[in-house]
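One chain comes next, on its own, written as C-alpha cells: the form predicted on its own.
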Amino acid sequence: MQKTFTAINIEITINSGQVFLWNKIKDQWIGIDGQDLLILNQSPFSVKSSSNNIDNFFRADDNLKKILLDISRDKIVAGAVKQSPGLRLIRQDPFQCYISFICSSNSSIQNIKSMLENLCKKFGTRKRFEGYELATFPKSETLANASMRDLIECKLGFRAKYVKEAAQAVESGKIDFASLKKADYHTTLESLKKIRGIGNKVADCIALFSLDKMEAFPIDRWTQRILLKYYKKFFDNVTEKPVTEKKYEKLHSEILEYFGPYAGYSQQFLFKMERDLNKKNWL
C-alpha cells in the first residue's frame, strides 16, 4: 500500500535521534518498525509498508498547523522550525522504541544502531519486501527467553541484562503499552521507570516517540546545553551538572509551563538544531 503526504522531509526526520534502524539506499530510506518494513521516498513523497500500516508512523492524525503555531510562540523554537520545517515526530513501534532507548544509555547514535542491528540479525524474522530482505525487530517473547550469552554477543555490554528484564516485563504484563498510551504522562513515566535501565530521560524518549505523550521533554546533555544557552533565565533548576531525579521532575514542570502541551515537539526541533550546529553525525 502507498500513500502520499506533503511537507515532510524524510532525511531530516530520520536523522533527528528518534529512530536508529534505518539505511539510505540510493534515493530511498529503508527501515524497520517492529514487525513492519518501510520504504520511504522523498520525491515524489511516498511510504510503502509491508503491513499496510502507514498513517501511524508519521503521526498523520496530529494537527500540525496548530502544534507548530503553538510552539513557534518562542522565538528560538520558531527559528528551529524555520531551519527544519520538514521535521516530524515519529510514532514508533512501542517495544522497539522501548528497547532502543534502553540500549541508548551512554552510547552514540552509531553504536545504538549497531546494537539494534545485531539484535535484529540474531533474533528477528527475515522478511522480503519490494526487493529488499531485512530482519524485523525481535518480539518481546524472543528477547525475554534469550540467553545472556546471545544478548552479550550482540555487543550490548551492561545493557544485556536490562534488555532481557525489560522484555520479561512486557511478557509478564508489568509493562502494557496499550494501557500506557491511554494513561496520563506521570503514570506512564513512573511505570516505565520501574524497569531497570530506564531513568527519566529514557522514559521520556519512550513516552514521546511511541506512547503519544506530547508533554514529554527528554533531558540529556544536549537539552541541558540548549536550556543553559538559550533559556537559563527561565528555568531555576537547569545546571551544567547531571540532573538528579528530584531536579528532573521540577525542571520538567518548569519546561511544561514554559513550552506548553507540545513541549516534546519543541524539544525535537531544538535538539536537531543544536546537534546540526555542532556538526554531529546522524545515521
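Don't overthink the numbering: it's just position in the shown sequence, from 1. Note that this is a predicted model, so its numbers are computed, not measured.
Same protein, other form: the form predicted together with the DNA, not shown, and the subject of what follows.
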Heavy atom within 4.5 Å of the DNA in the predicted bound form - residue from 72, 142, 111, 125:
111
Heavy atom within 4.5 Å of the DNA in the predicted bound form - the one residue of 146, 120, 87, 156 that qualifies
156
So in the predicted bound form, does any heavy atom of residue 95 sit within 4.5 Å of the DNA?
no
Answer yes if any heavy atom of residue 185 is within 4.5 Å of a heavy atom of the DNA in the predicted bound form; otherwise answer no.
no
Looking at the partner-bound form in the predicted bound form, is residue 161 within 4.5 Å of the DNA by any heavy atom?
yes
4.5 Å heavy atom contact, residue 259 and the DNA in the predicted bound form
no
Since the partner isn't included here, can you check whether the DNA sits close to all of 16, 101 and 246 in the predicted bound form (heavy atom within 4.5 Å for each)?
yes
Segment that reaches the DNA in the predicted bound form - one of 169-177, 134-142, 200-208, 87-95, heavy atoms within 4.5 Å:
200-208
Could you run down 248-283 and flag each residue that has a heavy atom within 4.5 Å of the DNA in the predicted bound form?
271, 275, 280, 282
